[in-house]
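What follows are structure tokens for two forms of the same protein chain, given separately as structure 1 and structure 2.
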Structure 1
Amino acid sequence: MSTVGSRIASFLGSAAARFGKVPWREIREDAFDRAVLVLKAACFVHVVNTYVVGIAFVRGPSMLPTINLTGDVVAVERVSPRRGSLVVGDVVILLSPENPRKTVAKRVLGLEGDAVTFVVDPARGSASQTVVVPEGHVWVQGDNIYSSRDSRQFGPVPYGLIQGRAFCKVWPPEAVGLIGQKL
């Protein structure tokens, strides 16, 4: 038994000696540097996604045929709305004026000062109405006017609700391509 005990004591003594030679300070500093690098990368991705370009999943019948009923993933650039350089025909991603927790995609049909003529209820007739878009607002409508809740129901949308301009479909693969302007 004494040989087994001495072997264990010898092993533990040599392990302690080897353990003491591990460069713990360098390991700690390296781990800290890597954690800071990951944190910086996450911050960079967040800033780019929030202020420059991001992606959004858009689905529903209101933008047929531009956006697929079951959904498309689109690239959204966020600089144009901040600079005030949207144009009529752009597809925008915006917070719903009816439900601020919901994001919707619509096409810009009128900018501030524009007179927009629209069919009030296309399912029941062709009665039209003309509205002048007030300052700081845009007029948005879905491409599928028979199945869209848009400015015809809730009026002009404040410019501040626009989150970005959808410019390209990135998924599904068969639908990849630029989202054109429709006038």
Structure 2
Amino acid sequence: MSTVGSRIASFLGSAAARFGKVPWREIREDAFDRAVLVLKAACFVHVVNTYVVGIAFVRGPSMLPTINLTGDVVAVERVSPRRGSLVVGDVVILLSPENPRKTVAKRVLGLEGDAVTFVVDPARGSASQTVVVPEGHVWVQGDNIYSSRDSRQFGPVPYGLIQGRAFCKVWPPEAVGLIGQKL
């Protein structure tokens, strides 16, 4: 019994000695440096994503045939909306004016001051209407006008809601290519 007890005591004593010899300060400093590096990398990723170029997964039927129903991954550049250099025909990613937690992809058909002519309800004939886009707004429409909720329903969209311009498809591999200006 005493040998077992003494063996346990010696084991605990040596474990405590080894615990004391572990270089805790170096480990702490190393962990801190690594955490700061990870934080810096995260900030860099955020800045590049918000100000230079990012990726978005777009799906839904409203931009057929440009963007697939089951979803395409597109590269979105953030420089042109910030500079104000969008043109008619760009596919843009924007916050939905009906629900700011949802982002949608549509094509710009009219900038401020343009007169946009659109078919009001394509399923019911070709009656069209012309609207002048007010100052600071853009008119967006999906490429698939039969099943798209866009400016024909919620009106012209303020320019500040636009998050980026989708200029290139990157996935799936058979769909890779630039997104064109025309339908």
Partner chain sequence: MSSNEPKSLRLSEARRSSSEIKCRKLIMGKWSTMWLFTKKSVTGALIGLTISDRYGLIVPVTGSSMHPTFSACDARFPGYLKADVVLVEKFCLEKYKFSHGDVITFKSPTDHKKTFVKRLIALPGDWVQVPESSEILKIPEGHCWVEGSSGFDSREGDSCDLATPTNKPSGKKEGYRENFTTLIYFVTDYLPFQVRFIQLLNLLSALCI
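Rigid core here is just the name for the largest C-alpha set that superposes within 1.5 Å across the two forms. Computed from a prediction, not measured in an experiment: that's the story for all the values here. Structure 1's sequence is the ruler for residue numbers, which start at 1.
- Structure 2, rather than structure 1, originates from the form predicted together with its partner chain.
- For the motion between the two structures, the hinge, where fit shifts from one rigid part to the other, lands on V48 out of Y159, V48, I93, P61.
- Remark: the rigid domain rotation between the two structures, smaller part against larger, is 11°, computed from C-alpha superpositions.
- After superposition on the rigid core, the Cα atom of V38 is displaced by 2.3 Å between the two structures.
- Shown is the Cα shift of I8 between the two structures after rigid core superposition, which amounts to 10.3 Å.
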